[in-house]
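Just one chain is shown here, as structure tokens, and it is the form predicted alone.
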């Protein structure tokens, strides 16, 4: 925090008035269900974006990232999309203005400990950090769920990525020491405490993905087509019996089968976690990965190798890809007494089998986007 404050002074010749921490997230189970009104079970992680800020008197937002000497300058009143990472904060600013909220210029410097392109929601964390900064400099009201949904609209409509609501919701509302079960139909959250005895390992494969927009959007549109053919509002309301009796084509059938079965797995995972049945929770995570690999086809060679490696290690209850897929990260649930050795063993075994440098990140469930006071 002190280092970020020093960097702010170097950039703006003035001290910041506040700071925001916005976590990344890892999803334990429930992938590609959020935009189908389904269930997900993510948690905030201890990797985060930290943003120091100060209000300006003009209509500009000036943002520096890390040690980059070149700022991203956003004209608050411009309706022309910018290019690069600045489109994420610009989208949040534009949606504040479109929704009739007060918008004020600000200076900001931020740093991130979230590996980019990893499936750990660095973009959602940035969006929520900007939203929290905007409410702070205007002394506006902070409603975490409302702000998360505003950021979702910004990414859908301004950035052009048809993401669901999970990433922004968990970045905004995450609870310390708990995994959240989110109902994406009504945005309600239910914390499932993660007790001692297990550790979450984030297994970054050392591979990066763009969001692979066309692939992601194709899967979303196929799910929407399947729900129409099944006669339901969304796949949240479909059943396996309905799918089996339908005449939907093979591609839509496989996509829908994943979503329907994944919703069931999220609910079963919550019951297993609440009762401390980590063997069952792990089995459900493996079944989720297999469904994402075979029916939803969003895994990739690095992710499959990482999961295979993890499942061969003592103390690992289960593992699966996390995030949109294609590359990036996996997640494993590991017995606490084996966590350190498991992390080292997974790292070494993965390097032997895949030409990439992994990053193994243990994490406890972390708090959602919040102001740091004092800075």
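Given the structure is predicted, the values throughout are model-derived calculations rather than measurements. Numbering follows the first chain given and starts at 1.
The protein also exists as the form predicted in complex with alpha-D-galactopyranose (GLA); that form is not presented, and the subsequent description refers to it.
With a 4.5 Å cutoff on heavy atoms, residue 216 counts as touching alpha-D-galactopyranose (GLA) in the model of the complex.
Residue contact with alpha-D-galactopyranose (GLA) in the model of the complex: residue 324 places a heavy atom within 4.5 Å of it. For residue 166, a non-hydrogen atom is located within 4.5 Å of alpha-D-galactopyranose (GLA) in the model of the complex, even though that partner is not displayed. In the model of the complex, none of the heavy atoms of residue 47 sits within 4.5 Å of a heavy atom of alpha-D-galactopyranose (GLA).
Screening 304-312, 337-345, 53-61, 29-37 for residues having heavy atoms within 4.5 Å of alpha-D-galactopyranose (GLA) in the model of the complex returns a single hit, 29-37.
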